[in-house]
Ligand code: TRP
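In structure tokens, the next block holds one chain alone, the form predicted on its own.
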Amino acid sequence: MTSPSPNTDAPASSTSTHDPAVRPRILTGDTPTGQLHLGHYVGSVRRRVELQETHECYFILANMHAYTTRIDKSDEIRRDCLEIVRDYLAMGIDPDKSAIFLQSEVPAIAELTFLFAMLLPFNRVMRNPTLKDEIRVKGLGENYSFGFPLYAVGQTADILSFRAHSVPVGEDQVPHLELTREVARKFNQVFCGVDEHCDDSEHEQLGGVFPIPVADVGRVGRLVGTDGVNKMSKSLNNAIFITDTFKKIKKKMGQLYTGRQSLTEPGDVNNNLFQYVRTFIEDAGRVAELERAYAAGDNIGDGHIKVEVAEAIDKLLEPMRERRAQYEGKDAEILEILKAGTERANALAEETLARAKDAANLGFFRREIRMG
């Protein structure tokens, strides 16, 4: 049997990794589970703000992924999408420089998810350590929908739909990205004839549809929450939000447990408290001074340091709170930002889907996505 020829009406590429004048592309985003917190900012969003000056940026609100554990709270998920956009704007994301878009409004992602699911053994998906950790932390046991492990495959489609070259992520998301890299390699090998022994950087040159994306982990890969145990998370009630007042920040920092008993006891400068010190106190000299005094047990208490950290966090968040307040009650404006970003996202994702379908001998017709 002969294979059908690819549809020659496929749109031209909107980017090339070999053209130095073209910005490299990134894709990252968030699942709408409430407002973003300090862990999101230092783990990924701060890096996004930097990259939007040098890269072509797409930021996804993965609202379909939110349905994997909150399908009975669809009204909250919709609300959270708008809240996250407010947080993005407050943190410094510029919608004129970056496309902020809704996963549910980009149909190419769902189609590629289905196709990519054919390339992954089920047991490989279930070995994903991030997925296993979420099942444990959320107490799901065996009581999760089929869509829950499927979202790990969906994340590969989120990224590859935009042929992203890198993905700013927190440390815990790196295993998801490795799954994406596996899918991209296998697709290019099975459908594009790319040699399995070639270097990842050569896949596009050798005719692969997808680049092999790399992780761009922020300077703080995993910020511990104020419980001093788990990663910062709204669901674990251990998060500091950008809307928190200084009073709230101080109270939450006071809950951070270190195990140190007295002012004269030498302290461990690699404990959770000092992760906050090094992350939020900008004066390197002051950080060094605190480390020296703490390690020596030089009459300095955890409480004093926690207040100093709370002051530094408040200083960081104050302009964010002010910017966020400008968008309160302006849902129509937020929706316009999402619509514009989603239009840009659909243009690129449809191009990617057309290429993938042609490579997999699924390309018969062309379509155009229009926003109503």
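In case it trips you up, residue 1 is the first one in the sequence shown, and so on. Note that the structure is a prediction, hence the values are computed from the model and not measured.
Quick note: we don't show the form predicted in complex with the named molecule, though the next part is all about it.
Partner contact region in the predicted complex: 62-70, out of 341-349, 328-336, 62-70, 308-316, criterion any non-hydrogen atom within 4.5 Å of the named molecule. Proximity of Gly39 to the named molecule in the predicted complex falls outside the 4.5 Å heavy atom cutoff. By the criterion of a heavy atom within 4.5 Å, Asp30 is counted among the residues contacting the named molecule in the predicted complex. The closest heavy atom approach of Ile159 to the named molecule in the predicted complex falls within 4.5 Å. The named molecule is not shown here, but in the predicted complex it comes within 4.5 Å of a heavy atom of Gln155. Contact annotation: of the candidates Ile77, Leu102, Val167, Leu89, the single residue with a non-hydrogen atom within 4.5 angstroms of the named molecule in the predicted complex is Val167.
A heavy atom within 4.5 Å of the named molecule in the predicted complex is found for one listed residue only; from Thr113, Asn238, Ser98, Gln173, this is Gln173.
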